[in-house]
Each structure stands twice: as structure tokens, then as C-alpha cells.
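Okay, so here's just one chain, in C-alpha cells, the form predicted on its own.
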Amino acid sequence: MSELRLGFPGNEKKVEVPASDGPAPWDLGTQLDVVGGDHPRLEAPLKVSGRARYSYDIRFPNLIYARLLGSPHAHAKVRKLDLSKAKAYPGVLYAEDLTRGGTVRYAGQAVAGLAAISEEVLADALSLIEVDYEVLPHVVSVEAALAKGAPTVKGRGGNAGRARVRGRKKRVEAAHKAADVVVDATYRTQVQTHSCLETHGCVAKWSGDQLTVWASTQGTFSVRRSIARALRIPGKNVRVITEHMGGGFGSKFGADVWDVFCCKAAKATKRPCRLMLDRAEEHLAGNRPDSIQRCKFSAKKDGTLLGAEVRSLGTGGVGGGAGVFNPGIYSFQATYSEHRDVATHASRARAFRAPRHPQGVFALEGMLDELAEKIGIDPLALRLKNDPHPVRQAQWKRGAKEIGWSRRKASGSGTGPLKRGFGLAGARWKHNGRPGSVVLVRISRDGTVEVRNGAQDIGSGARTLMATLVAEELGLQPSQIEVHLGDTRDPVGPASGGSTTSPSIAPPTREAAYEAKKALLAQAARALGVPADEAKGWGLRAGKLTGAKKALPFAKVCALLQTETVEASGRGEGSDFRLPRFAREVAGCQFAEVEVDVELGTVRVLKVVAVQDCGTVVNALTARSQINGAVIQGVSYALFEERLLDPGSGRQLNPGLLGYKILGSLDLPEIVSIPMSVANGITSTGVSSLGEPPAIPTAGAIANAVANAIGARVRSLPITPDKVLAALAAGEEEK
């Protein structure tokens, strides 16, 4: 057995773990030379110079182009679809009827596909497709879908799904009865589309029975599986490549109808085919569902939280997944939640950075601030009293100091038209590392070090993370490591969802480097005639051999190899993810300072402080970048983004980035990102989830800051000027 020191300075606990033949787990006592520093992204020169190749950039001689025709109706039966004129149009090479069941259930749903020699030919030919629709009644909002006599979306039963219930209703009712203060309020969040910079799609090319797909995806291996299944060919016949990709946020995993059509068109024509969605089509390729959360929270006068009761509804369009994470984070004596998904004639929801959490935490944190106002207690003090997470307890204090929480005034007490306010909100996420990944590390006689895995780097810096872990084991710098990602011919890797990539791939990466180092040192010892027992104390550090009589540079150690290369594979076994842990979840919190113009209703976010635990911080630079990006997306969600569907036609009214407003450079606040390294155990590296947690609390913190500034609460997102002015007017009426 060996002892580990887990936690963070000021809060440490010791645990015992079985001894292992592999690398010793890192803990608070481990001295790390490279891990934890600021390391530029390996791919940065490619990206800033424009040499990085995205799927959108792939071009071949003889390339053809494909597009899909979408239904103009939100609900209709396809009585007849005639492709004859389109097929006869010069330059059209392939056409397919995609209506399948004959009924479309949202505006934009694909009914046919064409492939042609140019995009101009495609545009003309698509207009020649004749479709006879029987238009049917539709609903595009939760309220309309639940109204009496509403048309059913899925053709059976009603539009409200089965209730998902957690907790005991009687217990929470008893808690409310014992309370000094009860708050009853309804919060709403909007549908948010992913707005990926690089739209969905792929380029497909066949060579005999072998298919290569350049896909914009978060899951190279999941795309390979789904394409093989759709085309009914062996998975070994499909190769998926994702050199770089321009955003996914949860919307890009398996192959979609457009990817499969592109592969079919390439097969039929024996020419490479490209199908990338346009911006309007991209808005239909997934979204964060909306929510209506009816909340009833109760507490004692001393700030003890008693009951939290939440009844929520939401629509994922023709799909599901519209739940909310509410209640949670804090210690209530009793909780009860009841959620129903509501089907509507709208495109299907998909996972979106921290699914369910930003919606739920917006309402949860708003309710806590409303309780704090009624009790007359500082919102920070209320959270410190009721937050059980040891890491977040420290984060609240650090974030409060950084934002200047002591400057916060009583809600609505500022003078003049520009009023400032402060708000805060918390975040939690699971430790989402998973077994199954394999990483190869190869050291060559010339000193080259290669790392290989078939997973994709979706922009979070996976290449640099892996290089940093290998560099730590080999005593090098990350810039000396070559990392190859995004090709399913390399060892299997995880899909990038649920913030699983780094925690899943880190343990096998370190193990592979550790085993490759052992093989290198063993050969070097033999070449130098050093007995194996004497060489046991050898290591690699700061670019040199350590523990030997002579500190040879790394390159000279490699030159001693009797073989051209040594290599080792690290495999993420289930046992690698079962070490004791310091805390059950990743913790985070954010503070926001805003300025509200009470005459115009405009909200300007001045500053956001984000303190986020991610286990071991491998690369502080990319960790801060991850947090920055999450905060930017959170501010955009809080103030701007909203999909608008026309109730009459079911079509999106703002399907482009002119009408669908997202945060721009002039809207950016000052962001102070503080990655907090915690020795949490779990694996030999202690790396945990980071991509999603910091996207959770931003909207809640901003909403609380707005309420503090104006003395009135906006309970729906986005927080637009009309809502701010309406809240102010309602507050005046109450007075």
C-alpha cells in the first residue's frame, strides 16, 4: 500500500491505495516540472497562419457537391415527390428521395437530396424538385402543444411525455410548512442553437470498397460506426479523419442524414463528394431545449435551506432531452422535482455544453437570491452556509475577493440611470473520465517522440494536453512532442462529450509514456553495459538522464537504442478510474458585475470571475482558454441568443447570424479565469472535467447581478431591454 495526499492547500486528506507496477498517482506531494505550466497550443502556428485544414477546407480534383431539400412546412404528409426534372438538369449526377415515412414534422426536415458538379447547378436543380404536400396543423411552443385539441407531434398519445420524478412530495411539503420564508416563482429559459463556426457536414471519398470521410465531428469513432451501420458495410472499411474542427458543443457526434447521403452520392458517382450545411440549415442541426420551471423554495430566518420543489416543462422539438438540473448543488432538507418533455413541430434538440445545467442553475440561483432578499441575508453568506462541497467553499471566498464583493450594495439602491450590481452562481459536474481509450507513444533513435490516438481535438487543446503529459514523463517540453489525433486508423479514443476527453485520455497517455520510458532506459542501460539493478534508479528530467554516472542528453540516450524505435501502448482500463477521490464532483463558481441603463433597459456585463476545479491542471494556459470560452458562451446565452419560430408557419424567423444574435467583441466583459488545481485522486493523473462546468453558472450570476442593480428580477432568458424595463415597471407598481 502507498499513501496519497489529496485535496488542496488548506484542505487535505490522506488515503491509502494499493501499490501498482504503473506510474505512481500524482498527489499534493508530487513535484511536477511541466504539468501545470503555461504551454502554447501545438497547433497554434497552423491556425493563425491558416494552414490548419478543417473538413470545410477539404477539396479534391473532380469534386462534386451535395445539398438537401428541406420541407417548407412544419407538419405535412408528402403525397408525391418528383425528382425527374432535377435529375434531367445538366450537371446533376445523383438524386434520392429521403421522405421515408412520408410525413415531415418540422420546417426544414430533409425530403430529398441532390449531388451535382457545382453549387450553382445544385441551387438551380433543387428548385426543380416537385413536392406535393398535404399541410397539417402544427405546434411550435410548449403552451400550444399542451392546449386542448392540439395536434399530436409523434402521432400517438398527447404531446406531454411521462413525468420524471425525483424526491418525495410529502417531505418537501412538510419542509415548506416549517419554514419562515417561502418563495414561489416561475423561471423560463429559451431555445439556444449551437451556432458552430464550422457548420455540420463532411467530404466523402471512396477507393474501391474503402471509404474515407473528412467529418466535422466530436466523435471520429462514433461517426465510423454510424456510417458503417447506415451503409451496411464493415466498420474496418470506413476511415474517419478530423484534423481540426470548428466547434460542436454537443451537436456533432454520429453521422447525420446529410453525411450518409454524401457518402452514397460519392459511391454512386465514383467521385469525391462534399456536403456542408449552410448557416440557415445549421440552425436546424440541434439546440439547447427551453424550459419553464415553477419553483417553490423555503428557508428559515437563519438561512437554513429547507425545501426545494420544482415542476418543469420543456421542448426538445421532435426529440427529447429537455430536463433541467434543479434543484441541486446546495443542501436542502427535502427536495422534489417533476419534469415532462413536451413534443413540438421543431427540429430535434441535441446535447449542448453542460446539458440541463445552465437552464436549471439559472432558476436555482435566482431562487436562492430571492430567499436571501426575503430573509435579509447576504447571498454569498447563504451559499457558504448551505454548500457542502469543500472545494467550492474555498472558491466562493476566492471569487468574492477577486470581484470585490464587498462593494455590493442593497438591491436597487444605486443612483442615476446607470446602476451597477453584483451576482454569483455555482456549478457542479461529474468526474467523467471513462475507460476504453488506447494511446501509443513511440520514441525513435533520432530523439523524435510521437503520440498517437484516433480521437479528435475539438479545439480544447487535447494535443497540447497529451504532449504535456508525455513531456512530464520523459523530462522534455511539450513543443518537443509530436501528437497525431483525429484519424480512426490510430488507436481508439473517446468522443468529446460530457467533458470526457481529457480525463479519459490522460491516464493511458501517461501510462504509455511511462512504459516507453522504461523500454528506452532498459535499452540504454544494455548499450552502456550497466546492470539492470543499477539502472532501476534512472530517470529522465530537464532533457537529461538522471540517476546515472553521466547525465546524458535525451537525444544521446535515444541514440543508444538497438532498435529503430521503442513504443508502448497505454490502455484505459476500468481499474485505472477507481482510485479514491477527494470529492464526488467537480466544483466551480462565478461572480458577475453588470451595469444596467434603467432608461434604455440595456445590460452590460463588466466583469466575470470564474473559479473552476478541474482536478489536476495540466496546462494552465489552455485551461484558462476553456473557461474563457465557456463564459463567453454563457454571457451570450444570458443576454442575446434565442431561436424564434413563427407560430403560423413553424419556420425559424432568425435563421442566420444577423437575426440570431450572439455575443460580439464589443459585448465582451473582462474575464478573470482561475483554474483551481485539486489533487482529487480518481486516476494516476487526477485530470477531471473542464469543458462544460464553467458554462453552467454564467447566466445565473448575470441575472442575479441585474436584479441587484435594479431591485427587480427578470426571470426569463435572454435578459433583453424590454424585459428589464417591464421588471422595473412591475416593481414600481408593487411599491
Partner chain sequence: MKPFSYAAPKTYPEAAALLHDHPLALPKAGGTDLLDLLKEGVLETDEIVGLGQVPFEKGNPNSLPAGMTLAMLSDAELRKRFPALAEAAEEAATPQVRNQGTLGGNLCQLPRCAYLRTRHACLRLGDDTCAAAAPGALTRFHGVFPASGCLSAHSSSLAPALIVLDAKLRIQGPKGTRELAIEDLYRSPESGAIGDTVLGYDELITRVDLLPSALASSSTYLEVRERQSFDFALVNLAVAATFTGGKKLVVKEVRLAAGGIAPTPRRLRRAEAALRGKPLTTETLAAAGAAAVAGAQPTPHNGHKLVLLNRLIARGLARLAEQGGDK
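Since we're looking at a predicted model, the values are computed, not measured. Residue numbers count along the first chain shown, from 1.
Note that the form predicted together with the partner chain isn't included here; everything after this is about it.
Residue in contact with the partner chain in the model of the complex (any heavy atom within 4.5 Å), chosen from P531, G155, P388, P647: P647.
None of L146, L621, V257, L657 but one reaches within 4.5 angstroms of the partner chain in the model of the complex through a heavy atom, and that residue is L657. Here the chain stands alone, but in the model of the complex its contact with the partner chain, taken as any heavy atom within 4.5 Å, falls in 595-603 among 454-462, 595-603, 344-352, 303-311. When contacts are judged by a 4.5 Å heavy atom cut-off, T720 counts as touching the partner chain in the model of the complex. The closest non-hydrogen atom of L725 lies within 4.5 Å of the partner chain in the model of the complex. Shown alone here, P417 lies within 4.5 Å of the partner chain in the model of the complex, counting heavy atoms only. Shown alone here, L653 lies within 4.5 Å of the partner chain in the model of the complex, counting heavy atoms only.
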